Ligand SMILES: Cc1cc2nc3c(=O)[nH]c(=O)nc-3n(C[C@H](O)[C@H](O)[C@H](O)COP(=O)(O)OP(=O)(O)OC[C@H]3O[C@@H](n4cnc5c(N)ncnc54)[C@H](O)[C@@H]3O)c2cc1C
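The data below hold one chain only, encoded as structure tokens and taken in the form predicted on its own.
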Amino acid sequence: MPYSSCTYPELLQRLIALDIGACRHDAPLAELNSWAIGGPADLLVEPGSVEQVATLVQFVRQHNLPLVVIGQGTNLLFDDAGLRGVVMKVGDNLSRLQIDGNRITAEGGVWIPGLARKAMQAGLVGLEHTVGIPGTLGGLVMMNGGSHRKGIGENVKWVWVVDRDGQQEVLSREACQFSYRHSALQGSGSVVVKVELECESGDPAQIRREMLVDLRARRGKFPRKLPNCGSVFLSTAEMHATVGPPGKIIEEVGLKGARIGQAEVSPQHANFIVNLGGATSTDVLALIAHVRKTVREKIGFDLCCEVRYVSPAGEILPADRKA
């Protein structure tokens, strides 16, 4: 019998009985993402093993419950109404890491800056560009994230996932079909639980110097004191070659400092939208729509979003499709 007729406190007790990690009811999503926006999630689960991830996926599928998987929540905009379903947080409880020669095996909840530093200490080259990205490995692999137009997929050897049916599967780099800020994993319903990365050997001192240069540039360039999700809009190769990156375009059309409610286009970097305090998802979506309309009218390019909007029903889509 489906549990959809049960109350969420009752569902919580059933999940606790399954021993699938830490569970909470009415978890404030604003505390689980870097924008500090969003209403309550009916259920939050933080599994501590691949087996617990698989059990949770099987549970929500069997009983037709919405499931949203998050890491540090650095690329998500949750709705002010929250989420009527289950949030699975792949974080500290699933963050074991091992280095063997030039290969790193790490679980999906590993924090990216920490991973980059571990690689540096082991004299491994290739992950320097990730040192300033405040997310988790599973999410980074899912969207082939990175910086300086590089992507984590360049170093991926194997990816372990739990698919939408709760079955474990191992995928090769080729099967993941990495491209700029995209992979075949997106939209698949799979959860990235472990990754094997392959790097080249290098000088730890030189790697550290490169990381410090990157971090200094980020400190001077990007807003750090106000809640934000990082880059809001996606930079395509065509746009970059023709008119420049999104931040430059938005600044050129005069929208640095533009504000709707408590959401503001950062005066420091125009591809960041900051929460001035109490911003809502409605504020952010309205500001995204305003930026896109202005850029389209003045520059002729459609800006698409890197950031993903999460609806109360658990639907995840690029924020420009909701704005």
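Keep in mind the model is a prediction, meaning the values are calculated, not measured. One rule holds for the numbers: they count along the sequence shown, beginning at 1.
Although it is not shown, the form predicted together with this ligand is what the next lines describe.
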query: Heavy atom within 4.5 Å of this ligand in the predicted complex - residue from 102, 177, 121, 147; finding: 147
query: 197, 87, 115, 229 - the one with a heavy atom within 4.5 Å of this ligand in the predicted complex; finding: 229
query: Interface stretch in the predicted complex with this ligand - options 238 to 246, 133 to 141, 166 to 174, 199 to 207, non-hydrogen atom within 4.5 Å; finding: 133 to 141
query: Residue 295: touches this ligand in the predicted complex, heavy atom cutoff 4.5 angstroms; finding: no
query: Heavy atom of residue 6 within 4.5 Å of this ligand in the predicted complex; finding: no
query: 4.5 Å heavy atom contact, residue 49 and this ligand in the predicted complex; finding: no
query: Residue 95, heavy atom within 4.5 angstroms of this ligand in the predicted complex; finding: no
query: In the predicted complex, residues of 57 to 80 near this ligand [heavy atom within 4.5 Å]; finding: 69, 70, 71, 72, 73, 74, 75, 76
